[in-house]
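Each of two forms of one protein chain follows alone as structure tokens, named structure 1 and structure 2.
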Structure 1
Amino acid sequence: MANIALGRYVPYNSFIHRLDPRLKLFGLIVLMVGIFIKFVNVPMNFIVYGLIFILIAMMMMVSRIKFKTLFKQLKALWIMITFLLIINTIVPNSGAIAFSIGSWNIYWNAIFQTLYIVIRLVLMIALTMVLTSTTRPLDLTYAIEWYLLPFKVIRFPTHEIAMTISIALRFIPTLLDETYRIMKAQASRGVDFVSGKLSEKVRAIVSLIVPLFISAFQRSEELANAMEARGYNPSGKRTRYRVMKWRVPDSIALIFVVGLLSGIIVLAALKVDFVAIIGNLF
């Protein structure tokens, strides 16, 4: 858990760090929309997923985010991959049979559906990690609040919602560190989180969850008292020490993001098949 970087800001002076948080949040949404667009066939889907992954890998290298950090966060996905594969094989399928286990047939459609879900989840985790690693929580709050400004007409609590989301993102690494600390403390007292019977594992989990909830409530109360002591008023007029300014690199990045989404939509709408085009050429 100490290696989990989701929600943890990494201070560097890279090109992506210097981009406007409003643009980075918009780019996150655009790329997530592109991830869920379906194309003409399976090879075309995986080609687009590969191109998006290459783009994310380039952003990670520019932002100085280590790939091993991403891989460490994906360790827990193996259980979910197995579970999804079992569910997809139980559901009736049709088409080509990949292999058979006794009288039970495993179809390619079930395998591809599982791969689609897993790849999309991996790409979304990587994108979220890039956003949270390159954007300060306060800047992210500003971006969310800026996008919610039109709702102020109907007296929607935009600032309160943005601050809540920012605090939630900020406390993800804090709670993970607290979980790791409690696990070490309980292990030193003889609690075994790895082996043992089911009843013993349940008691071990309870010994972890109860102090974690108590610590989370204490931290939230301390945060509320600190904000109140500093005169925080969510309905008051607020000024900012750091004013975000839209610059030329932000405009270039915005054009690139919009062009990328437009290209993905055109490929899906026209049912372009790169594999067939290359086959016809050669």
Structure 2
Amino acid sequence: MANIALGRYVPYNSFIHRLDPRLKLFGLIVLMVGIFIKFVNVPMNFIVYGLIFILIAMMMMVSRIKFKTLFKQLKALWIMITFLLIINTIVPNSGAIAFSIGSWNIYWNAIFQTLYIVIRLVLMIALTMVLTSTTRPLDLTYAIEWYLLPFKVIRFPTHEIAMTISIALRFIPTLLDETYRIMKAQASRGVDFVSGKLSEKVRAIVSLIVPLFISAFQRSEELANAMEARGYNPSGKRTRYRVMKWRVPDSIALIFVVGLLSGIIVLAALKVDFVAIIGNLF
């Protein structure tokens, strides 16, 4: 239970940590688009996935994320993989048959489709982990707020939304601590959170959720009062303690990321096939 810290911000001072959160958010989206592009044939797809994985692994090394944490996060994927495989085999398919169980044909296509989805998922999770463990949640909301700025013209409450997100993020650990505390208090009253019949489990959860909600509401009221007492006005203009600054490394990283995506798009659009090229050389 205490391991929900996966993907949580880890304060190091690496190159990636120092990058501007706006760039990191943009980079995440760009690279994700790259992951979803399809190529000429199967081996080409795997080659590009491999290259992207090497890139992400390098980013993880630079930002000092342990591969162990990534694998821990992937554990839950097994259910999804089997589920996807089953769905993909049921859906009508064509092409070469890999093997058949009785009259049931399993096509190579189905297996590859499943593999693609799994690889994409793994890559996306790894990428997101790089972002969340190198960027403070608050910085991330500032970045989101910055991207939403153009919508201010149509009276979109940019600042309010950013504030709501940052408060929500800020209170996740607090509420988690609170949850553990209430769990312990109820365990002292004989609640068994681990085993028991379904009806007992439901009761156990009710005994946890009701106090949790009450204290969350209380907290939010206190927070609102404290903010008002300090003169908080959502529509007011304010400065920041930590100002986001765009520096040279950010520009370099931006060029790199955009270049990478264009490269991937070009490879896909021109239907480049590395395997064929290498084959032609010999």
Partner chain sequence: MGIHFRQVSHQYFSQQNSDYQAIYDITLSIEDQHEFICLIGHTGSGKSTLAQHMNALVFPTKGTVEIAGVLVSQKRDKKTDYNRLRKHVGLVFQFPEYQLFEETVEKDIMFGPLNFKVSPEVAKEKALESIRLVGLNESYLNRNPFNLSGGEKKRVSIAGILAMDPEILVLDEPTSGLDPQGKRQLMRLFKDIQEKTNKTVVIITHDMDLVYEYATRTLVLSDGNLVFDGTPDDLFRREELATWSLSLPQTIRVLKGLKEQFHLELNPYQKTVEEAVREIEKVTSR
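What you are looking at is a predicted structure, and each value in this text was computed from that prediction instead of being measured. Just so we're on the same page, rigid core means the largest C-alpha set that superposes within 1.5 Å between forms. Here, a residue number simply tells you its place in the sequence of structure 1, counted from 1.
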Query - Matching structure (the form predicted alone), either 1 or 2 - result: 1
Query raised in the report: Considering the two rigid parts between structures 1 and 2, is Leu149 grouped with Asp273?
Result: yes
Query raised in the report: Which angle, in degrees, describes the smaller rigid part turning against the larger between structures 1 and 2?
Result: 10
Requested in this report: Superpose on the rigid core and then read off how far the CA of Arg170 has moved between structures 1 and 2, in Å.
Outcome: 5.6
Report summary line: Here the CA of Gly236, compared between structures 1 and 2 on the core, is shifted in angstrom by 2.7
